[in-house]
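Below you'll find only one chain, the form predicted on its own, shown as structure tokens.
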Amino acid sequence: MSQVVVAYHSGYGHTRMVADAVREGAAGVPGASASMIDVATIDDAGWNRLDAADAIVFGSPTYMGGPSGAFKTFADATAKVWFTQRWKDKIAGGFTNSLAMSGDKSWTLAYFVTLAMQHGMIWIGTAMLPSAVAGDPDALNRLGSYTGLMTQSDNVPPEESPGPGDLDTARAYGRRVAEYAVRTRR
């Protein structure tokens, strides 16, 4: 069984909704299991799960043009993993969420790609065309991202936003990452 771990931080709960949708999509792939780790509260068991994973999907809200401070603290702590190259050749992916349609989310995804490359990981993009109607809240890939998953949340409770199209896109992305994890495990 290929193990996919979604390593995320969520400040207000919206990014956690996206993380759960990514996990759900990954868990639906035959031969894969998926779990989540809140990097703000990671413990030794969490680090061990990441080391044992076949794929890690990084997730964070975009705050002030980059990942949250809690995610950055986690990323800095991966230096011990980097030194021993324990994540080399693992599948990697990433997602971000913010209030703005853009909000410079591409910088957060670029940060995740750089983190993955420093660890020698193999990055998986969305491979999804943008929706035919930009910004349609029910459409897949409404924000038109290729590098990784971008979602947008309104300033409402997490149960109300992000919208169905963003969560469906998250599930599709989780499936894509898990499919690669299953393929490489064979």
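From 1 onward, residues are counted along the sequence shown. Everything quoted here is computed from the prediction, not taken from an experiment.
Another form exists, predicted together with a further copy of the same chain; not displayed. Remarks below refer to it.
Put simply, of 45, 64, 52, 156 only one has a heavy atom within 4.5 Å of a further copy of the same chain in the model of the complex, and it is 64.
Interface membership of residue 176, defined by any non-hydrogen atom within 4.5 Å of a further copy of the same chain in the model of the complex, is confirmed.
Residue contact with a further copy of the same chain in the model of the complex: residue 35 places no heavy atom within 4.5 Å of it. Although the partner is absent from this view, residue 161 stays clear of a further copy of the same chain in the model of the complex, with no non-hydrogen atom inside 4.5 angstroms. Taking the partner from elsewhere, residue 122 is found to have a heavy atom lying within 4.5 Å of a further copy of the same chain in the model of the complex. For the stretch 68-100, the set of residues having any non-hydrogen atom within 4.5 angstroms of a further copy of the same chain in the model of the complex comprises 68, 69, 72, 73, 75, 76, 78, 79, 82, 83, 85, 88, 89, 99, 100, in sequence order.
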